[in-house]
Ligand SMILES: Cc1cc2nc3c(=O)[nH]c(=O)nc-3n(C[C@H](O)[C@H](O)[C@H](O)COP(=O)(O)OP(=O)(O)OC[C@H]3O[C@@H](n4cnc5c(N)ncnc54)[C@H](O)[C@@H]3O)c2cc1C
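As a starting point, one isolated chain is supplied in structure tokens, in the form predicted on its own.
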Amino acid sequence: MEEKKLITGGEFLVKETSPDDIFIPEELDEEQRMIGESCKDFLETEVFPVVDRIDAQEEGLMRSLLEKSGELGLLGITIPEEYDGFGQNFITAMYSSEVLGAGYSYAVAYSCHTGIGTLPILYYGNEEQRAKYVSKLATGELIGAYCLTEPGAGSDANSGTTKAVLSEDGKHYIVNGAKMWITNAGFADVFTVFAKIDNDRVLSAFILERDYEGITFNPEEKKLGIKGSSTRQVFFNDVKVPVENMLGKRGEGFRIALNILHMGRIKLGANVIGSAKKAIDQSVQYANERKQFNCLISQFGAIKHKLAEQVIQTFATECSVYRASKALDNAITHSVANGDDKGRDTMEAFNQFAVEAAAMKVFGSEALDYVVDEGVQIHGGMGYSAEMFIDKGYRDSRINRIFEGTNEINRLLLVDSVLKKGAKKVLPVMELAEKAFEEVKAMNGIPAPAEGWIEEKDQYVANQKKVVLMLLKAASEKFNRTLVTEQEILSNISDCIIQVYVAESVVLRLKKMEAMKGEEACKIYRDMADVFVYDAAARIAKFARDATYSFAYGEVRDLLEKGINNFTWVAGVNVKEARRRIADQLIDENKYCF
């Protein structure tokens, strides 16, 4: 039997994806659901009852919660069994991240420890480093943190000035510098620290322990949200780090940082799903209790619109995140099986999916911002009161558009990754763009819609991809190497790519659900797909026109305009009734039930 070709990152733009190649939450197995239930139980019994104490940063509380998480195995879900973990796959890690994402500041501490606090050592450490640190990180005996950002080096991480110099006896690196916005800094035991050795242009990475002489900390930062998350500046003054604590190779730090960030971005996409579902529960439950004009506000059309759109944005995020997770899981399995360094091969898989990771980070964080903002609005004046948890969700949400690289940086990274894969012929971007231009030249009007509801949605998504490809080709030819400076245009194209990926993910999940459950059982999901694809077409048309009018003239502009008009056309949808059906199901269940 011929081996199935592995999906590569960004391939969705140039190739149709089969529903068989994606994962949907309906496929979670019994063990995965049990892990999810353990995570939910932990939040209900250990976190939610003490949320106010967490936000007050009660001494020792967050650390004790992480230690309890370790005792239950929640810190080691994907850690190999030889290091006292459960050895679960990436999809399971994403599901646990989703569930625990509802945990406000605890979710931040947990994600930092299990992600950037542990995985650099697991994936890039040598056997001695793994043996010394990873098991204790997996069980909660040690807590991890990650020191990359500096006062003068945020998104431009490689501009950091923290220095490491080899001691005269060759036994230590002497580290000097400062890091800021370091999550878990108030109680972490182990720090992955990035610094430049001598006059190197690129970073190296080191493992430092809290009790090393010369490490000091500023007081806790006061923040808009995630108030319970420990965030401090960390200073290194002639800190002696044993040479055996270099993580990876000299000069490999920047690659470590980038690959860990790719992982963090897609996991953030999972985190926000849990936060969004929590906010939707709060929204609908309040709407089902609050009366105005002798009527529950959940019966008002304007409120139903908000509730339904909260659901659609969250459902769309979920479709996309688990689709990307499956592709990554496959890539990790393939890379590890065919490589000679399990850790580096795993992280290289994340590098291959930089496009999807950035897309999920941007779309998910902005979807959550919509959900919590409308959650406050549904609560009315009570939403502005600190008495209600929606206030906490609203404030905590805002950091997600800054975490793991700002959304602006991620938009630019996304489109740059597609262009680089096109230039290297990994993806036939320019070849398919040329075919799209030729198709537009021959057009005499809007393409006839396909027969059948699913076939029609497939056609819309396929056409929208052609708009993206045409823009990529036209902008590349116009600006050549200076395209990198045209950030507004690149962001427009990036937004088109994100909308295409999410729209296709929604349709793919629906196809797979209908194959499992039948069309009748999935009618409400057709409503979601109808509304999302209809709205995405309008958004893509707007972003594409903004880009086109910013650089194209003459025949190129005419062809782009014609392509946008024809390729973003979709049939009308009664969005009012579709949203009302979605909202009514939510209202009847009084919780997120999709």
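Start at 1 and count along the sequence shown; that's the residue number. Note that the structure is a prediction, hence the values are computed from the model and not measured.
Unshown form predicted in complex with the named molecule; subsequent notes refer to it.
Segments offered: 222-230, 235-243, 363-371, 344-352. Contacting the named molecule in the predicted complex at heavy atom distances within 4.5 Å is 222-230.
When the named molecule is considered in the predicted complex, residue 487 lines it closely, a heavy atom lying within 4.5 Å. For the chain shown alone, residue 339 is not a contact residue for the named molecule in the predicted complex, no non-hydrogen atom being within 4.5 angstroms. The shortest heavy atom separation between residue 195 and the named molecule in the predicted complex exceeds 4.5 Å.
Among heavy atoms of residue 146, some come within 4.5 Å of the named molecule in the predicted complex. Contact annotation: of the candidates 162, 92, 183, 464, the single residue with a non-hydrogen atom within 4.5 angstroms of the named molecule in the predicted complex is 183. Distance criterion of 4.5 Å from any heavy atom to the named molecule in the predicted complex singles out 409 from the list 524, 409, 454, 215. No residue of the trio 440, 563 and 569 has any heavy atom within 4.5 Å of the named molecule in the predicted complex. Contacts between 572-590 and the named molecule, taken as any heavy atom within 4.5 Å in the predicted complex, involve no residue at all.
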